[in-house]
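This document starts with one chain, in the form predicted on its own, laid out as structure tokens.
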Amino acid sequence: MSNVATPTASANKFEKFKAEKDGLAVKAELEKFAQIGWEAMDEIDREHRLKWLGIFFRPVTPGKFMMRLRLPTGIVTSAQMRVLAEIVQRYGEDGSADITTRQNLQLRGIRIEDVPDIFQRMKSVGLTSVQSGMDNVRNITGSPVAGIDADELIDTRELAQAVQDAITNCGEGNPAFTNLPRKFNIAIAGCRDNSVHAEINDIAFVPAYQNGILGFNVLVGGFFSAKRCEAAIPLNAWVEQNQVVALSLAILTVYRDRGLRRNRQQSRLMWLIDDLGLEQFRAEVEKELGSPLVAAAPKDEIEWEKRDHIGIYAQKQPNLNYIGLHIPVGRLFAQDMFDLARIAEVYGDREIRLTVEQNVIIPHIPNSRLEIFLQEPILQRFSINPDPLKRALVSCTGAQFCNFALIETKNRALGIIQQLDAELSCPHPVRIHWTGCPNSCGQPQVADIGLLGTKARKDGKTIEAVDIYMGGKVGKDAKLGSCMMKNVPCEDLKPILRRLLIEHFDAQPKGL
């Protein structure tokens, strides 16, 4: 089913070009694009429609594109990681990849001339990047320890894969869901600690018992944008595990057909819920589903504080362990990726998992192999026991590669945190999140301290600055933080963070 509609006279430019040609149509034109090069391409194809295939033009690195994959629940095999490492090494001129806050990978420095070959290499190992950008459903997140957590409630791996397959036609592209009003996020939680950050998703499935049956309560409408940030609200619905895909598609269909499209700053799902009212929205979903929804269970099973999974943990499988490695601000280079593939093969079962905190988990390591694993040189770069402040550091791409970013984030975040770690002793991790612009890819609103990039005036000059958020909470009783300070120059930021850490998080100056 195609979803190309005739635009109205008042439609914004995005709705107009989507109506002219479905984003997936450029899939048939990749060979032509590779032959003519990026400069000769139609501007809309180059800067917008390619995003339907997971290829992102970046004006700050002209001719070098970013490629975003689809990795439901953040699971990748060693063979897949090795192919991605080869792509980064051979085709990525800057030779790096980033783990995202949706358990995903983004490859940098890709040339359009190489995309057909890259797609063939990815397809050979079962990887896809289809529908990973623009007005599509983004990577489906789930617990990074699904299927191996000793205290798990529901293994959500197959559910996440099934939702992705339904939305993307098993990675081939599905025109039924390529023209949503805006981007859309789905998370499926199966553990007790809300490791998916349910409240920041358009749809979140949270484990809950109903009459002795373990299923999911459903949250809807969570999102961040430049104009508004909202936590997801209860749909007053509970579904069994085998209803997750059907309900996801029903909500998406209602959003696709009824969502607000005139103003892109007012087009996320919560705006439609506001427009219809929650009860009417729920009724529309029931109509699309073809059956009434069961009322939500009285309580969900999110009972723990959020875990970061860094360190060594026993699995539910006897004599096996998973080990979480800290990847500073999620940045990987080709050799790092080769090394991760190797240790997953040598010590585990060829599986690698990514987390929303931009870290890596190597599962299925036998007790007998733990000691020698801990001697691997890669653990010098990717620690299993990082310093408390570095441990919970998260950052978006920043101005180095992203044209939306107003400030540089990753390098600055690491530099400041290393200085603070040298000066302060902190008794516990403090979640410090950096994001380069109001799109909030770095999710500052869920951090203990969130830093949102902006511009400010100082001494008559425009300089890089941040708005400071505090009070965000994840896990049990999650909530969004509030903006406490605005337009703080980045050059003045370190002493302010130092004071906040001492006053609010029990940090102590070293040497006292």
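Because the structure is predicted, anything quoted here is derived from the model rather than measured. Heads up: residue numbers just count along the shown sequence, starting at 1.
There is another form of the same protein, the form predicted in complex with siroheme; it is not shown, and what comes next is about it.
Asks: Is Arg431 close enough to touch siroheme in the model of the complex, meaning at least one heavy atom pair within 4.5 Å?
Replies: Residue-level check for Arg431: no, no contact with siroheme.
Asks: My question is simply whether Lys183 lines the interface with siroheme in the model of the complex - judged by any non-hydrogen atom within 4.5 Å.
Replies: Taking the distances in the model of the complex, the answer for Lys183 is yes, it comes within 4.5 Å of siroheme.
Asks: So in the model of the complex, does any heavy atom of Gln280 sit within 4.5 Å of siroheme?
Replies: Looking in the model of the complex, residue contacts with siroheme do not include Gln280, since no heavy atom lies within 4.5 Å.
Asks: Contact with siroheme in the model of the complex for Arg82, defined as at least one heavy atom pair within 4.5 Å: yes or no?
Replies: Arg82: no, not in contact with siroheme in the model of the complex.
Asks: Report whether all of Ser78, Phe338 and Leu379 sit within 4.5 Å of siroheme in the model of the complex, measuring from non-hydrogen atoms.
Replies: Looking in the model of the complex, the three residues Ser78, Phe338 and Leu379 all stay beyond 4.5 Å of siroheme (heavy atoms).
Asks: In terms of non-hydrogen atoms within 4.5 angstroms, which of the given stretches 434-442, 320-328, 341-349, 241-249 touches siroheme in the model of the complex?
Replies: Heavy atoms within 4.5 Å of siroheme in the model of the complex occur in 434-442.
Asks: Only one of Tyr91, Phe177, Phe223, Phe119 comes within 4.5 Å of siroheme in the model of the complex by heavy atoms, so just point that one out.
Replies: By the 4.5 Å heavy-atom cutoff, the listed residue in contact is Phe223.
Asks: Would you mind picking the one in Asn136, Asn359, Thr100, Gln164 that has a heavy atom within 4.5 Å of siroheme in the model of the complex?
Replies: It is Thr100.
Asks: Can you name the residues of 32-52 that have a non-hydrogen atom within 4.5 angstroms of siroheme in the model of the complex?
Replies: Residue within 4.5 Å: Lys51, and no other.
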